[in-house]
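Heads up, the chain below is alone and in the form predicted alone; it's given as structure tokens.
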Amino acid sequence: MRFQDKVVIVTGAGSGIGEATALQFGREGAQVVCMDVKGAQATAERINQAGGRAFAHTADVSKWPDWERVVEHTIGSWGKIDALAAVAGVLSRTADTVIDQDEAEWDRVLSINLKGVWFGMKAVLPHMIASGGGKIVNISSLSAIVGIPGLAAYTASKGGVSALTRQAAIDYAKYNIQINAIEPGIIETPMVQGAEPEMARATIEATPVGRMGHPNEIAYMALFLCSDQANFITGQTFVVDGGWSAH
């Protein structure tokens, strides 16, 4: 119960890594704010039915008024924000190469994946500063450090997440706030299941352990980085990829 009475916001909590992370926080005693455009309510209900404490917000991480609403309700209900796990992210719905990508879809991917992380930190950091500290973990991607075909906008967004994580960690370390990122490899999530089968096969073949990761395997790292066990870790990006990047 590392997070007994801690208040944690999890974005992308409706499915995949975000859902697994929210559920794991609930199991370890946190008061969990589940945030997503869909599915957040179902995740919060699972936490509450298991004896935990959670509430849900149907919210878009790329919309600042949604962040204002979520944070205001969280502070009003539970008085503080101890941690943020910024998990929400999307792939492009169109061909995602530098030549083929269109401006509208490029903007959508960057808005959710990168601006959503900035908005999340911008929304919670003042409250963490006021309360004397906090933890933020941002979900980036292996694509931030390894070239992967057909992911131009996605790769750009995740490279930005990793870079912004390092920058913000430096600015806010003096306030006892630790900010880190996770760069997952291929993880068995709805996002990956919607990708081209050829891409899935190729990425599994590139992974030395020979399989996709499970969302819980990212959630465990996220919880560690949000725990007191990680008090001396900040500004780092942790690759959890089954050995892919070790080639």
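Only a predicted model underlies this, so the values are computations on that prediction, with no experimental measurement involved. Numbers for residues come from their place in the sequence shown, where the first is 1.
What comes next is about the form predicted together with a small molecule, which is not displayed.
- Only one of 47, 187, 33, 179 lies close to the small molecule in the model of the complex, with a heavy atom inside 4.5 Å, and it is 187.
- Taking non-hydrogen atoms only, residue 135 never approaches the small molecule to within 4.5 angstroms in the model of the complex.
- Among heavy atoms of residue 15, some come within 4.5 Å of the small molecule in the model of the complex.
- Residue 217 falls outside the set of residues with a heavy atom inside 4.5 Å of the small molecule in the model of the complex.
- Taking the partner from elsewhere, residue 71 is found to have every heavy atom lying beyond 4.5 Å of the small molecule in the model of the complex.
- Note on the interface: of 137 to 145, 168 to 176, 95 to 103, 76 to 84, the segment with non-hydrogen atoms within 4.5 angstroms of the small molecule in the model of the complex is 137 to 145.
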